[in-house]
Structures are given as structure tokens and as C-alpha cells.
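Okay, here we've got a single chain as C-alpha cells, the form predicted alone, with questions on binding and movement later.
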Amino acid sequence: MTGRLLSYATLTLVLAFLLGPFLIIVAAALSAGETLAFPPQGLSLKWVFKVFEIESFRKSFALSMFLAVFGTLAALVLGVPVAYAASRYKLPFRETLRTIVSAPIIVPGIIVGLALLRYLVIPLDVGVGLALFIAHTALILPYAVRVVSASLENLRSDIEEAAVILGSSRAGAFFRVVLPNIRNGILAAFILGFVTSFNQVPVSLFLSGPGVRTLPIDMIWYMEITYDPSVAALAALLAFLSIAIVFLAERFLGFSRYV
């Protein structure tokens, strides 16, 4: 009995630690006061509606969406062939390839951002927007390779070989047999890459410029000049969006099987 009570108490503490900050943000977002505070000074939805009225939030949201969608697509275009080659062929440098591909998630993001700024943006005069796109694609690539590789490992290679024996070319077998069978894995990689890119801070912090800021960076900038609950409202909306995306992915794709 004592052990069960101790387990329940531990579980309660863990849940409070994990959910406490989120609940505080939601409560602050619903505050009727003029400044960010907890406990909230009354309840109101005015700060939630104000989020959609702030022009900088709309612009940075559009940029973050562009980077998340097209950066993830670019990472998948690069990552699917890499995952296929590493899974299907006994390459002499396979482990080295996987290490190189995984480098962006091994190296701290702040170092990646500083390196790109120092050796790409400044010396080559690359635009901030293009640098952000390259950085986000590079950061998503490891997730694309890992998730798609896991999906390929679950697909028997003899199915593809059977298609080749029956007269299909290697390319035809890949597009007609392999891709349809790893479709859910690719979708899972897209969702994971999208969420990772959209919430990216360290790299984006170094590669933002005048008028070019992702939404998380714009939120930091906004808090430096304004201390109203609109940032808490936006943070709560983004948290609910992320939860909804992951829930739908798990519900319809079985997301946990690929990560």
C-alpha cells in the first residue's frame, strides 16, 4: 500500500513538473490585466484575439510556415535517397555517412547558427532568408533520414526484388513498390521535421535580420519592448497546435512506430 501511494505521489509530481509551465502560460494568456502576470488578473480572451492583430506576428508566422514546409520537403528530397542507400546497400562508408548526416542534431544549435553566420552569410554575402532555409533544411535532414530508415527497415527487401524479377526497373520498383509502402514513415518524418523547424530558436537567432524573423525569434523581440500577455497567448496557441499535430499523427499514422 505504501509503495502504491509513493508511486502515485511520484507520478503526480512528474505531471506537475511537466504540465505546470504549460498551465501557467495558458492562465496568463487568459488574463484580463494589461501586463503579463500570474495568477491572472481576471479572465478574458482579448489577448488571444490581439495576437492576430499584430502585424509582426503575422509576417514571422508566414516565414516560419514557409521554412517549416519547404525546408522539410527539401530535407525529405535529400533524406529519402540517403536512407534508401544506407538501408539497402552495403556501403563501405555507411556509418560515416550516418554520422555526417546526424551532425546537425549532435552539434549544439547555437554553434551551427554561429558557424553559418561566420562562414556562409558574411563571407559569401548570402541573404538571411536563404541562409535560414539552408539551416532549417540541414537541421531537419537527420530526422528525415532516421525516420525513413526505420520505415525501410520494416519493409522486406524481397518485395522490391520480386518487382524487379517481374520486369520492373530499379527506379520503377522504388516509385511503385517502396515509396507507397513507406508513405506513413515519410509523413511521420514530415510532421516531425515541421514541428522541429517551426519551434527552432538557436540557429534562427543568429540568422535573423531586419524584417526577417521567425516566429519564436519575433516573440523574444516582442517581449523586449512589450510586456503584455499577448506573447503568452501566442505561446499557448502554438502549444495547442503542436499537441494537435502530434495527436493526429499518432492517431492516424501510428507516429510512435517511426521515432
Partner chain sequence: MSDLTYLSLKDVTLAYGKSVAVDRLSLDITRGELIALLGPSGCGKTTTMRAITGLMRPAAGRITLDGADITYLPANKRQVGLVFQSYALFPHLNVFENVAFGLRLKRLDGKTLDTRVDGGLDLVGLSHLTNRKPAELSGGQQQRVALARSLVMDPKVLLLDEPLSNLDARLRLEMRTELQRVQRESGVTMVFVTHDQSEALALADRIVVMKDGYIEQLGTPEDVYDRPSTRFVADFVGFENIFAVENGKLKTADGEVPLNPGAPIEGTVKGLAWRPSKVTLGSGSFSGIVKGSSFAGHAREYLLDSALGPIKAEQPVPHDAYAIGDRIAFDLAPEHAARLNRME
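Positions refer to the first chain, counted from 1. The shown structure was predicted, so the numbers you read here are calculated from the model rather than taken from an experiment.
This protein has a second form, the form predicted together with the partner chain, left out of what is shown; the following refers to that one.
159 is the sole member of 115, 130, 159, 73 with a non-hydrogen atom lying within 4.5 angstroms of the partner chain in the predicted bound form. For the candidate set 102, 184, 168, 87, a heavy atom within 4.5 Å of the partner chain in the predicted bound form is found for exactly one residue, namely 168.
Heavy atoms of every residue among 155, 164 and 180 are located within 4.5 Å of the partner chain in the predicted bound form. Only one listed stretch (169-177, 137-145, 121-129, 103-111) carries heavy atoms within 4.5 Å of the partner chain in the predicted bound form, and that stretch is 169-177.
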